[in-house]
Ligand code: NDP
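We begin with a single chain expressed as structure tokens, specifically the form predicted on its own.
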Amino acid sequence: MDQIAFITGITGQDGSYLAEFLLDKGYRVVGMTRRSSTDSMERIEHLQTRIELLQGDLLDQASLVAAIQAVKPTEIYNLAAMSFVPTSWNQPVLTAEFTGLGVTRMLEAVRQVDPAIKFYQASSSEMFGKVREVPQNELTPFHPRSPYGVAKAYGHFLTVNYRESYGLFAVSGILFNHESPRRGLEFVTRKVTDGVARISLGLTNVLRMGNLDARRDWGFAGDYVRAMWAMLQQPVACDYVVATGIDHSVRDVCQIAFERVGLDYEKYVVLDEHLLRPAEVDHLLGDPTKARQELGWQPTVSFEDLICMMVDADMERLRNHPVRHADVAFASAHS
């Protein structure tokens, strides 16, 4: 039987890497986009002739049912969400609709159309929030510290509920921070690497940051999509933490990024209290033991190589389009 993957959020960082990976595996790949979406197609432009796009909306149950009936997927990857954590305080209700209830609509559509479809839900380390233990594994209790984290926890438990109540092959990947040159400019790692490139090229002379001491477990997005796929190939549906098992501070990101272009971060980074979160998540560190043992999954890109890869990509982008990008203000990202 032909393998058909249906990906929500295909225009995002993870969606683009997952589409590439599945195409290389011989899948037919169909992505869902919203009619009113402001998402750029930039990340999947190079795949346009190899993938199919279909309109649908996580806020509209009927559109999801129609999409699944039309595509007849063997696997669904639900990656679409209101994914930028600080925005979730400004738009908590919309975040709940997309990131929480959107999962309900997807699962219910699967149950109605074809319960044999394998379903992947993109859970998040932000569900751990105010952590109860370090490192965090599949059994660590959740204490989310943002509307985004709360909505993700809802989607996570609902996925478990549909698996247990209806026998769906539904899994959640609890992914810790994963980055790449395709990361949005509002996210802290990309904010840093873009800022470093601008400073190095003389386009600006300061990088305003929030909490430099927050610690995260950062990996490469291209590695993490392999784990998503591997979860759906298991004999039994299970949830997995996907992480490197190594943590770094935002300060480390700055130091490595500036060193890549031969600069001292302390001369350019300025603390801006407006960029501090209302409730900070101080320390996220994943324990990927289960994923390594059961999925055979290992990260291939180190933290240092990841940051350097992102700096190099931003340097190239800004060199090629200095006028187009010179006047773009830094995204007011919370770190």
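Remember, predicted model here, so these are calculated numbers, not experimental data. A residue's number is simply how far along the shown sequence it sits, counting from 1.
Same protein, other form: the form predicted in complex with the ligand, not shown, and the subject of what follows.
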In the predicted bound form, the residue from 171, 107, 71, 175 with a non-hydrogen atom within 4.5 Å of the ligand is 175
Of the residues 122, 231, 257, 241, which one places a heavy atom within 4.5 Å of the ligand in the predicted bound form?
-> 122
Each of 28, 75 and 117 near the ligand in the predicted bound form, meaning some heavy atom within 4.5 Å?
-> no
Considering only heavy atoms, tell me if residue 57 and the ligand come within 4.5 Å of each other in the predicted bound form.
-> yes
Please check if residue 40 has a heavy atom lying within 4.5 Å of any heavy atom of the ligand in the predicted bound form.
-> yes
Partner proximity in the predicted bound form: residue 198 to the ligand, non-hydrogen atom cutoff 4.5 Å = no
Is there a non-hydrogen atom of residue 98 within 4.5 angstroms of a non-hydrogen atom of the ligand in the predicted bound form?
-> yes
Only one of 108-116, 122-130, 160-168, 257-265 sits within 4.5 Å of the ligand in the predicted bound form by heavy atom distance, namely 122-130
